[in-house]
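This document starts with one chain, in the form predicted alone, laid out as structure tokens.
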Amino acid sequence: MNPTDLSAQIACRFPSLACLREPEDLLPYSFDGTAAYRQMSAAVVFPTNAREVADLIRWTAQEGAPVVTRGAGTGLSGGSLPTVGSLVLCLTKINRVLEVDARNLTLLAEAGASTADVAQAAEGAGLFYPPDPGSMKVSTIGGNVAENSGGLRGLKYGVTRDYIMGLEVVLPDGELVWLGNKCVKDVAGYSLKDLFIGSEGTLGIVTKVLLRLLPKPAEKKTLLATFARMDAAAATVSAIIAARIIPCTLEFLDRITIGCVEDFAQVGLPRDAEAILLMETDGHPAAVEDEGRQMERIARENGATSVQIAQTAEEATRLASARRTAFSALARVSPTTILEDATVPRSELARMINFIQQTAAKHRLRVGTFGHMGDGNLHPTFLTDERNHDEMGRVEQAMREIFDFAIELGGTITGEHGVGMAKKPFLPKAVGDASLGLMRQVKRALDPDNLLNPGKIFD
């Protein structure tokens, strides 16, 4: 079915659905947070409940029409980009927080609810939803599930997968299924919900999410340590973990990122520093006080030139903003910002960061690096211009070398952004032929006609 026929039939068969068909209306849905890819869809539709999603998918399956599911479009791997002639299914109107169950420490939300709304609903009940992706103010919980999103608190609290107790999913043939429950323990059969977490919309469409919540930490302490050498910052991280301290946040910024953040947010960061570490501990007040003292001591023993300790909640927010504004600050510098995502074992952090800096210099590129030093997840960010074809060629070569080196160190090509379009060329080397073949078998079993998000993760 050609794109014109597809959009016309949707308008005819589903007149109650909001549907965009004109090129100028489709343009905002032709890209996501990944700068390098753009593709127009045939139409964009906005269902308002799971039944409408199921009915639409049942029809598109019969017609052989490809469907790409989309939330807020904040993804950084091209996972929600349209494919040629596809229908974009935007779930932002299915966005209610349906229940906060304080007795069972769970929250039920529709897929289009923002991560911030979920976190605020939990907090309103005195509870805590830990995953905090950088885009949490606008990203949707369904998108978080599709990408298995991480965040700044991942070291202590884990990623989205660790908080999923149940999912409502529309399968590629339009069948609506519920997977999971509120039980803390359940080993009845395969854990099918886990199959869909991180599947990037290639196996099914998540319409509701049942989340596990935690009691809200009673206290938190925020510290910001400054270093003249990157290896000293990495040594501090290793020493903190070796001391059996697991901070809720252990983040870093390199010199380039520090300068961009200071230009953008004027936090008061030292521009001559080689690295800064944002360290946060939370929990029982006595434990927080003890861990805060230990982290300050460890940082100083490992060469920190200064350690700031927030005395108020406002000051803690200001210090934390140094990390939380990193991407926004870098994105202001050049016409094109490519935020990458590689993870290595913590013991290899210093080597990986040094390699990124050397690779940037070799290819005459400007790269700011920041990320989750506590869990080894780095974000080398290329400040470039997609109109400069020579420079983009050097960017692609540098990225390949960085991913190859991460794999050589026992790491992976993505810790939280997903594969999508951007990482697809690197996946075979990262997982091996046998694992890739198994993924293809799962895809064929659930979506034999390759209609859900085709061309993502693998061809």
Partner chain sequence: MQKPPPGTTRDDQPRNGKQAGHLAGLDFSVLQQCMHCGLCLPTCPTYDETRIERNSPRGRIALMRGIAEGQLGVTPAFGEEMYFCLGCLACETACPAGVRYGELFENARPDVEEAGVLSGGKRRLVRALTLRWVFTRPRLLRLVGRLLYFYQASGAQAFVRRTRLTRLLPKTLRELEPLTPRVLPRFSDALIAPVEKPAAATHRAGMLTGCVQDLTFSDVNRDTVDVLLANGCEVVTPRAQFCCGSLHAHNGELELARELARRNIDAMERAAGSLDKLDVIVTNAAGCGSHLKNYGHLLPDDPRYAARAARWSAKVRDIHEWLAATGWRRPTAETPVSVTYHEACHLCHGQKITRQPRAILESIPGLKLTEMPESTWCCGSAGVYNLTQPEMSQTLLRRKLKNLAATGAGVVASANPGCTVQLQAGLRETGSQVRVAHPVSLLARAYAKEKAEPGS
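Positions refer to the first chain, counted from 1. Since this is a predicted model, take the numbers as computed values, not measurements.
Unshown form predicted together with its partner chain; subsequent notes refer to it.
The chain is drawn here without its partner chain; in the predicted complex, the stretch among 304 to 312, 135 to 143, 195 to 203, 174 to 182 whose residues come within 4.5 Å of it by any heavy atom is 135 to 143. Three-residue candidate spot 56, 66 and 448; no residue lies within 4.5 angstroms of its partner chain in the predicted complex by any non-hydrogen atom. In the predicted complex, no heavy atom of residue 407 sits within 4.5 Å of its partner chain. Taking non-hydrogen atoms only, residue 411 never approaches its partner chain to within 4.5 angstroms in the predicted complex. Although the partner is absent here, residue 439 lies well away from its partner chain in the predicted complex, with no heavy atom inside 4.5 Å.
Heavy atoms of residue 353 never reach within 4.5 Å of its partner chain in the predicted complex, leaving it off the interface.
Only one of the listed residues (148, 357, 74, 226) places a non-hydrogen atom within 4.5 angstroms of its partner chain in the predicted complex, and that residue is 74. Along 352 to 385, a non-hydrogen atom within 4.5 Å of its partner chain in the predicted complex is carried only by 385.
Three angstroms is the minimum change: in the predicted complex, the CA atoms of residue 120 and residue 321 sit closer than in this structure, by 3 Å or more.
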